[in-house]
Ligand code: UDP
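In the block that follows, a single chain appears as structure tokens, in the form predicted alone.
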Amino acid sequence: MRFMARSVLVSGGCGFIGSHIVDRLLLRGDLAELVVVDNLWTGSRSNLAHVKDARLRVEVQDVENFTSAHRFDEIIHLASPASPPWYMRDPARTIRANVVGALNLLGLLKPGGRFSFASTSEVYGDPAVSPQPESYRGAVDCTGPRSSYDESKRCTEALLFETRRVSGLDVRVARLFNTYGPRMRIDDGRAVSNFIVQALTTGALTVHGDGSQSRSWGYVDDVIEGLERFFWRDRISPAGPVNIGNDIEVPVIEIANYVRSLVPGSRIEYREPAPHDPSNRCPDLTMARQLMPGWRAGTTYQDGIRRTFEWFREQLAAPSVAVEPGPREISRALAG
């Protein structure tokens, strides 16, 4: 079978999710060129250090400023921090990465090309409906401390779907729910990575509030399988955004206790609730299952956390762990 050579751009391809997407893209027989644009704000070159494929080129710069005389058959826009400590630290930069980045990248897409975007379950805010279907309009505080991320994702969705309405853009928007696994930053700041690093270092796992807030915990391999099928592998024509994640809801305290069980002697310390922290988050996956029959996030949190735990333990045991912006910021993130 003869393939038509394809050129693909991935923004944020040195990041946690992005680097796993790059691995899957490089398995494609029709891929002629893969350009990764990443400013290494939350991404790391080490996430792609294992790649020796000549089709890959990494451009270190802001996605909103990236220029190219070349046009791409497919663009996958992932460039944005996803952890509250990171996007709250620089909200203007977060908004630029999502919205201005998308505006810029649209100009680099070939006529008839496909634009895929990683949105977020944060567009549902603190939901009054559970599980959350794509039709749920959410309860987002547009002036709250999480708004730079929530609203820039919502705005980018609007941009892409309005572009489709007026010009017929082939667009795929995935709303990702909580995802964890190898290649997360040591100072990522989200629950699973925080708990594991805290258990392996100080021994004190910090839980905000009473830990009853629940999340869907999607192991990265399962989520990437869904993204691969949705963004390029399956022949589908989605009408709108599609939820991708694990639809089994587990309280934060249960995750903390499981991590604690992996490190004898570790303990839980309770802190004040995080500001505007949603009480629950769980995807309605009806649409995803209709579009991608057979796909499911089947990795249990126990299996996924064990794999993630081993990866973090290896990273922390390495002679030199390249972490930006430094130990002081790590301790602040873990304490926060």
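All residue numbers are counted from 1 along the displayed sequence. Quick caveat, the model's predicted, so the values are computed rather than measured.
FYI, the form predicted in complex with ligand UDP isn't displayed, but the following is about it.
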Would Leu291 count as touching ligand UDP in the predicted bound form under a 4.5 Å heavy atom rule?
-> no
Though only this chain appears here, would Glu134 touch ligand UDP in the predicted bound form if you measure heavy atom gaps against 4.5 Å?
-> no
Does at least one non-hydrogen atom of Ala274 fall within 4.5 angstroms of ligand UDP in the predicted bound form?
-> yes
Hey, in the predicted bound form, does Thr163 get a heavy atom within 4.5 angstroms of ligand UDP?
-> no
Tell me whether Pro84, Asn178 and Val252, taken together, all sit within 4.5 Å of ligand UDP in the predicted bound form, counting heavy atoms only.
-> yes
Answer key: of Asn194, Ser80, Asn246, Ser152, within 4.5 Å of ligand UDP in the predicted bound form (heavy atoms) is Asn194
In the predicted bound form, the residue from Glu157, Asp187, Glu122, Asp222 that sits within 4.5 Å of ligand UDP by heavy atoms = Glu122
Quick one: which of 203-211, 224-232, 258-266, 69-77 gets within 4.5 Å of ligand UDP in the predicted bound form, going by heavy atoms?
-> 203-211
Heavy atom within 4.5 Å of ligand UDP in the predicted bound form - qualifying residues of 213-243 = Gln213, Arg215, Trp217
